[in-house]
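Starting off, we have a lone chain in the form predicted alone, written out as structure tokens.
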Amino acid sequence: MSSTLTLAEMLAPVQPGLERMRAILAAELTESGPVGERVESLARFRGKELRAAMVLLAGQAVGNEHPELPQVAAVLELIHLATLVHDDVLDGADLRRNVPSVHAQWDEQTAILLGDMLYSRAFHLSTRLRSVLAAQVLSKSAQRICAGEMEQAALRYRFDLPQERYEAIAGAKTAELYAAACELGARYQGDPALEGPPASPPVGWALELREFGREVGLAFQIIDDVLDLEGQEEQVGKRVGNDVEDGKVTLPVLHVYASASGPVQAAIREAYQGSLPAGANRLEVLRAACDLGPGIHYAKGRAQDLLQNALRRAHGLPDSAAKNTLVRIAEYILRRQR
């Protein structure tokens, strides 16, 4: 795999489909008046469109280039945008891709309502597809995302959280949309009679690609959690240390805490929950309380293991430019800085 390609260069095989997806998305994000100003602000942090691209890549990889796949990708991208707007409220994040988040620019009420509107637009757009498959898969995904967020909120400050539980929450929050994107790319035929269960002919690749997407998405979230501890704000595009401020104990910290002495464990808990010295932030206090290096190294290793599993699935696909791109995306996730 080449490490020199940018993400845009990697996605060249599906650029025509992405352009159609963007045109559909632009139409859905056109409003007038005060609402229009708030909707238009979303264009500033739409980001990599990686999940939408994976709908198209998974389709091409198995020979499915149904003309409605760009619309399916647009539905998924609208849901992703809704989660971003809501996540920034939940996390208290004032920046998204180095620009003010919706709630920071206006207020939390506006952000919540805008996120709700995006969810509504997504499912309304799905009703204009020939098949209900996208609505069925993505409505379940939206439920899992919300459940994952609620479970994470309920488990703040849990330093004894088992890794399996952490991964289940991260899988629901982040990996679910990657998994759904890959499944839909392989399964969506525009005709319910042809779609069937994910593991059945003629869509037998759908289950394997769903697992590929889940592993890639989980690795993406683990790297995101690492960047929140060691990233530079200018590169990451948002404030780092949000997880510590919000009481979210992520995999690197779980690993360090589990092997720490009693006094170090107490210092870690204090960094998350204690009063702060003047001018300090919780991430700075956490870095002073313990060596995060072993936890970061462990988390990166876990992400690499997940991506290796995903690559084994991808290597079984028929040779194509789309398959090569799916393979390269794994490398991109490990080396990304934002």
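Throughout, we count residues from 1 along the sequence that is shown. This structure is a prediction, so every number in the text was calculated from the model and none was measured. Under this definition, the rigid core comprises the largest set of C-alpha atoms superposing within 1.5 Å between the forms.
Form predicted in complex with another copy of the chain: not shown, discussed below.
- Of the residues Ala135, Ala258, Ala104, Val264, just one reaches another copy of the chain in the model of the complex with a heavy atom at 4.5 Å or closer; this is Ala135.
- Taking Leu227, Leu207, Val89, Ala168 one by one, only a single residue has any non-hydrogen atom within 4.5 Å of another copy of the chain in the model of the complex, and it is Val89.
- Annotated contact segment (heavy atom within 4.5 Å of another copy of the chain in the model of the complex): 125-133, selected among 125-133, 186-194, 216-224, 170-178.
- At the 4.5 Å threshold, heavy atoms of Arg38 reach another copy of the chain in the model of the complex.
- At a distance threshold of 4.5 angstroms between non-hydrogen atoms, Ser120 is in contact with another copy of the chain in the model of the complex.
- Although the partner is absent from this view, Asp116 contacts another copy of the chain in the model of the complex, with a non-hydrogen atom inside 4.5 angstroms.
- Using a 4.5 Å cutoff between non-hydrogen atoms, Asp160 does not count as a contact of another copy of the chain in the model of the complex.
- Every residue in the set Ile112, Cys146 and Glu149 has a non-hydrogen atom no more than 4.5 Å from another copy of the chain in the model of the complex.
- Relative to the superposed rigid core, the position of the CA of Ser120 differs between this form and the one not shown by less than 2 Å.
- Here Glu149 does not count as shifted, since its C-alpha moves by less than 2 Å between this form and the one not shown after the core is aligned.
- Once the rigid core is used as the reference frame, the Cα position of Gly190 differs between this form and the one not shown by less than 2 Å.
- Legend note: Cα of Ala199 to Cα of Leu317 is at least 3 Å farther in the model of the complex than in the depicted form.
- Inter-residue distance, Val327 to Ser200 (Cα): increased by at least 3 Å in the model of the complex versus the depicted form.
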